[in-house]
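A lone chain, given as C-alpha cells: the form predicted alone.
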Amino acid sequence: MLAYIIRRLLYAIPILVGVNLLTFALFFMVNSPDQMALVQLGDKHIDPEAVEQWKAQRGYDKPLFVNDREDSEGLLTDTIFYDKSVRLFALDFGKSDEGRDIGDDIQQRMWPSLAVALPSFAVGLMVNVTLALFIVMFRASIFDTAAMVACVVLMSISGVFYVFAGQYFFAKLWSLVPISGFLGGVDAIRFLILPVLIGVVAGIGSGTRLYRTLFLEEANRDYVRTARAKGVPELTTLFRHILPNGLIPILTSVVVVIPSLFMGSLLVESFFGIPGLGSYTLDAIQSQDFAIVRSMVFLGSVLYIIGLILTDISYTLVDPRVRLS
C-alpha cells in the first residue's frame, strides 16, 4: 500500500509543475507586468514612473527567470518566477495586488465555503443514492420512465433559475430565510439553509441519473440473477448485493470531489453574499487581481490532485487488485 501511494504521489509532481509553469506563462509572458500595471491604474496615458512604482511595490520589477544583476545567491531566487510561482509549492501565496495577505484570506474564507459545500455534498449524495435505488426497484415501469424524464428536466434547468426561484419564494415571498448574507456561529444556520437546499435540488437530476445507471448495471449481472433465482427477496438483493457493489464506481465521482469542496461555489456564494473562496476568486477576477487568481488556480490544482490520489487509495481498499496496476 505504501509503495502504491508513493508511486501515485510521484506521478502528481510533474502534473503540478506543468500546471504551475503554464499558469506563470499565461500571467507573465502573455500578459506582461507593464500591461498589468496599466490595467490596475486604469489610465492609458499614465506616467511611466507610476507604472514602475506600481511594479516595484508588488515585486513585478524583477526579471522573469534570471536576475543577472544579483550574485550567485540571488541569481535565480530574486526573480518574478521564484517569488510568484516557486513559493506556491510551499503554500506561500504572498500578497494580493491590493496588499492583503492571501494566505490569511484563504484561512478565513475556507470555513464559510465548507459550511455550504459539506452539507450540500453529504445531503445531496444521500438523496441521489436513495432516489436511484428507489427507481431501480421499479425499473422498466412507468415510474422509471417518468423519473428519467423528471431528471432530464431538472438537468436542463440552469442553476441560476434555482437561485432566483429560491430567493423569491423562500426569502422574499414567504420570509422563511434571509435572502443573502452570512453570520458566524449558530446564526449561520439560517443563512445556509437556502444555499444548501438549492445545491441539493440542482444536483438531483444529474446525480440520480448517474447512480441509476450504475445500479442498473449491477442489477443485470449474473450474481444478482442467481440471487433472485434462489428466492432472495428483491429488497434484500437491492441492499445486500446491488448497493455495495454499485458504490464502488461511485467512489470516482465522490472522493475526487471532497478536496474541491474547499474551493466553494462561485455561483451560490456570489448570489447569497457568502464570504467564501468561491466569491473570493470571482471578486479577484472582476477586479483583475492576478495574484489572487494565480494562487487560487494553483490551490485548485493541488486539491484536484489530492482528490485523484484519494480516489486511487479508496479503490485499493475496495478492490486490492488495483494495487498491482
Partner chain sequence: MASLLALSGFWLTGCGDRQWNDPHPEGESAGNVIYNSFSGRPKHLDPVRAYSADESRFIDQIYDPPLQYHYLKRPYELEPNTLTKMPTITYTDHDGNPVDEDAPELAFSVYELEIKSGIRYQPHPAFATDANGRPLYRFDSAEDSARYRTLDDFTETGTRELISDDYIYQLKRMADPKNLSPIRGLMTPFIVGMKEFADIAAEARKQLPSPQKDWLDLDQFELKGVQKLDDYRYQIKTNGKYPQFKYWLAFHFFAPVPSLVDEFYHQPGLADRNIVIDWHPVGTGPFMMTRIDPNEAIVLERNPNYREDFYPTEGEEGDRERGYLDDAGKPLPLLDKAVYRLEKEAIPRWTKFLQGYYDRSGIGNDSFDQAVSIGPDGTRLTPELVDMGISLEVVVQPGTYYLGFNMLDPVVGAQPRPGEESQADPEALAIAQERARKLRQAIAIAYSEEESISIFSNGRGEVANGPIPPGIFGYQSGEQGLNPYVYDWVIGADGVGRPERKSIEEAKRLLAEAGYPEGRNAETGEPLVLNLDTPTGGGATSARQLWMIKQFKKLGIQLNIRGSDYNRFKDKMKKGNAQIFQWGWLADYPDAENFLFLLISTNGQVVTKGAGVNSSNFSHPEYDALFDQMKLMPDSPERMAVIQRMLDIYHRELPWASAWHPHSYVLNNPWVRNAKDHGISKAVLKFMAIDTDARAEAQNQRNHPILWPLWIVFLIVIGLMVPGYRAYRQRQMVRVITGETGGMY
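Residue numbers count along the first chain shown, from 1. What you are looking at is a predicted structure, and each value in this text was computed from that prediction instead of being measured. Rigid core (definition): largest C-alpha set, two forms, superposition within 1.5 Å.
Below, we turn to the form predicted together with the partner chain, even though it does not appear here.
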query	finding
Residue stretch of 246-254, 206-214, 150-158, 189-197 approaching the partner chain in the predicted complex, non-hydrogen atom distance within 4.5 Å	189-197
The partner chain contact at Asp283 in the predicted complex, heavy atom, 4.5 Å	yes
Residue contact check: Leu64 to the partner chain in the predicted complex, 4.5 Å heavy atom	no
Exercise: Ser180 in contact with the partner chain in the predicted complex, heavy atom 4.5 Å	yes
Any non-hydrogen atom of Arg294 within 4.5 angstroms of the partner chain in the predicted complex	no
Candidate from Thr226, Gln107, Thr145, Asn220 lying within 4.5 Å of the partner chain in the predicted complex - any heavy atom	Gln107
Stretch 151-179 - residues with a heavy atom within 4.5 Å of the partner chain in the predicted complex	Phe164, Gln167, Phe170, Ala171, Lys172, Leu173, Trp174, Ser175, Leu176, Val177, Pro178, Ile179
Exceeds or equals 2 Å, Cα of Ala229 between this form and the one not shown, core fit	yes
Shift of Leu261 between this form and the one not shown at or above 2 Å (CA, core fit)	no
